[in-house]
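Okay, here we've got a single chain as structure tokens, the form predicted alone, with questions on binding and movement later.
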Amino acid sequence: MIKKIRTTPRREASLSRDRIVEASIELLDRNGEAGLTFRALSERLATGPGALYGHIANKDDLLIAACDAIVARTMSECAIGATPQATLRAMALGMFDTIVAHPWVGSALTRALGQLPIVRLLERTGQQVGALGVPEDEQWAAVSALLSYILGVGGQNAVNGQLARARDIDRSTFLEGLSTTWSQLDPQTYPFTRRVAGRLRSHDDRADFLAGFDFILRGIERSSS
């Protein structure tokens, strides 16, 4: 009697787009965009590159899908506040913290023009700007200003953090040195820079981000009143 050989089901059978995206996020968080390759992803999922192409068209598609998963998760975790202002602040801080935790998201969003990650942010921001009473013909400018600030400042902060880690720069030591340099600039040419030099030593990036966001938000509120 011939025994039937039992075989282990191939892991490709359980492969899904969601599994691929989650594995991609892990690779991106660990090694950045340079570390996200179909070869590395295949090894992580114990499958062949061909199986991946059945779910993902190319690396750009994969990066945007990973970015969208992170943005969707962030939006779902951001509390809906009692006021439009509170909701916008929660979204802004949520995205700031997300980009700090996943630095690659900032650059991925700049390349996702018109695609779902940006649309999610656009819709959440637009609804709240409308709720503020901003006239319809001014809403696009208001939303663009808020999103440009969130993505620009959040992305730059993430880049700064990455550079500091790559170069083994201690933040306190760096800011102390920069503060000293600024305070020694010519007072006639750089009066403002000298005046704020001392604040560099103890400033908080997250608090500064929110202060700037609130500054823009107050301007939008005044324009709609």
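Everything numeric here is computed off the predicted structure, so don't read it as measured data. So that there is no doubt, residue numbering starts at 1 and follows the sequence shown. Each form is matched to the other, and the largest set of C-alpha atoms that superpose within 1.5 Å is called the rigid core.
In what follows, reference is made to the form predicted in complex with another copy of the chain, a form of this protein that is not presented.
Colleague: Only one of Ala46, Val196, Ala57, Ala34 gets a heavy atom within 4.5 Å of another copy of the chain in the model of the complex. Which one?
Modeller: By the 4.5 Å criterion, the partner-contacting residue is Val196.
Colleague: Please tell me which of Met75, Leu132, Val100, Leu116 lies within 4.5 Å of another copy of the chain in the model of the complex, judged by heavy atoms.
Modeller: For this set of options, the contacting one is Leu116.
Colleague: Given that another copy of the chain is not shown alongside this chain, does Ala142 nevertheless sit within 4.5 Å of it in the model of the complex, heavy atom to heavy atom?
Modeller: Because a heavy atom of Ala142 falls inside 4.5 Å of another copy of the chain in the model of the complex, the answer is yes.
Colleague: Please tell me whether any heavy atom belonging to Met91 falls inside 4.5 Å of a heavy atom of another copy of the chain, as the geometry stands in the model of the complex.
Modeller: No, Met91 is distant from the partner.
Colleague: Please check if Phe38 has a heavy atom lying within 4.5 Å of any heavy atom of another copy of the chain in the model of the complex.
Modeller: Residue-level check for Phe38: no, no contact with another copy of the chain.
Colleague: Does His203 reach another copy of the chain in the model of the complex, with heavy atoms at most 4.5 Å apart?
Modeller: His203: yes, in contact with another copy of the chain in the model of the complex.
Colleague: Can you name the residues of 90-105 that have a non-hydrogen atom within 4.5 angstroms of another copy of the chain in the model of the complex?
Modeller: Heavy-atom contacts to another copy of the chain in the model of the complex: nothing from 90-105.
Colleague: Just checking, between the shown form and the other one and with the core aligned, does Arg201 shift 2 Å or more at the CA?
Modeller: Moves: yes, 2 Å or greater.
Colleague: For Glu43, is the CA shift between the shown form and the other one at least 2 Å following rigid-core superposition?
Modeller: No: Glu43 shifts by under 2 Å between the shown form and the other one.
Colleague: Inspect the rigid-core superposition and answer whether the C-alpha of Ile64 shifts by 2 angstroms or more between the shown form and the other one.
Modeller: Superposed on the core, Ile64 moves its C-alpha less than 2 Å between the shown form and the other one.
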